[in-house]
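Here you get one chain, nothing else, as structure tokens; it is the form predicted on its own.
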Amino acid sequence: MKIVALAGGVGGAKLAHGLAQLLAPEDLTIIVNTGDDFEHLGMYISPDLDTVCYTLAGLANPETGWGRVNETWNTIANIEKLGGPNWFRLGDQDIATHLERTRRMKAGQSLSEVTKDFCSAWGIKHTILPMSDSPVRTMVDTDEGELAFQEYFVYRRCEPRVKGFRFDGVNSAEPAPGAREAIDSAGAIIICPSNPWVSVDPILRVIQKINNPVIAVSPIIGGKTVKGPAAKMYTELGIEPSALAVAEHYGNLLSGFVLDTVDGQLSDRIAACTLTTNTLMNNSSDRARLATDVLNFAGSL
């Protein structure tokens, strides 16, 4: 069965890696959120795209889940010494990625073309696509005004209280080449355990039409997230953070929903078919185990 995974952030990258361990390259396409993309120090930066690519290539920092393993920080240290901005920490290897992406895009290549070349260079055989080659920018409405996502997430460390979200450019953005075809031919769409508000919603807004069975994996376990501000966002928007809240967020889109065993008591309150299993992914084996559970669940639907 062909699968399309929708992913963003560390949790999404981990499950995408688990799926890639099990599925042949021709059977898995990973569509990644680019609403977090921004320009910084003259470079075009794609945080979610890079996290997914680094993870599948075995290059990701295992301690943080983002950035590169065995990273050095000479460039950003010298930028800081010269009085430049240092709030977005970029390692030396990571900067090489951004510099080469920026050079190619200024020369006329699209983001999806650059991503395909990078995946080839890193030995990634599965297809990884940005959600769109057109710019879509996540804007966070807060009690201190509207902030660009990275300003809210990194510079302000998610401190301002969230009131809502806006995806600038989404109405005119088309799915990246190959994304629509992958979705139409897929036996199931798997929404990875990514932030529903800022990692998954931008992808869904770009894709728009999905007729396939959709299975989502909850990023919230026991009312908390393993990483990221999703639970905080739910609370500030007046919604109790829970696996149930995630399922209700996706609503009628879902055919199936995967929640952690600690939240098993919520399964009867979820409209979609449910699978209760261990969703924590502490290592590569955990990723493959969860991916196996999710694929078997998808097959049963």
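Quick note: we count residues from 1 along the sequence shown, nothing fancier. No experiment lies behind these values; they were computed from the predicted model shown.
Below, we refer to the form predicted together with a small molecule, which is not included among the displayed structures.
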| query | finding |
| --- | --- |
| Contact residue in the predicted bound form, chosen from F149, F167, W197, F118 - any heavy atom within 4.5 Å of the small molecule | F149 |
| Heavy atom within 4.5 Å of the small molecule in the predicted bound form - the one residue of K125, R89, K163, R156 that qualifies | R89 |
| Region of this chain that lies against the small molecule in the predicted bound form, out of 248-256, 45-53, 266-274, 232-240 [heavy atom, 4.5 Å] | 45-53 |
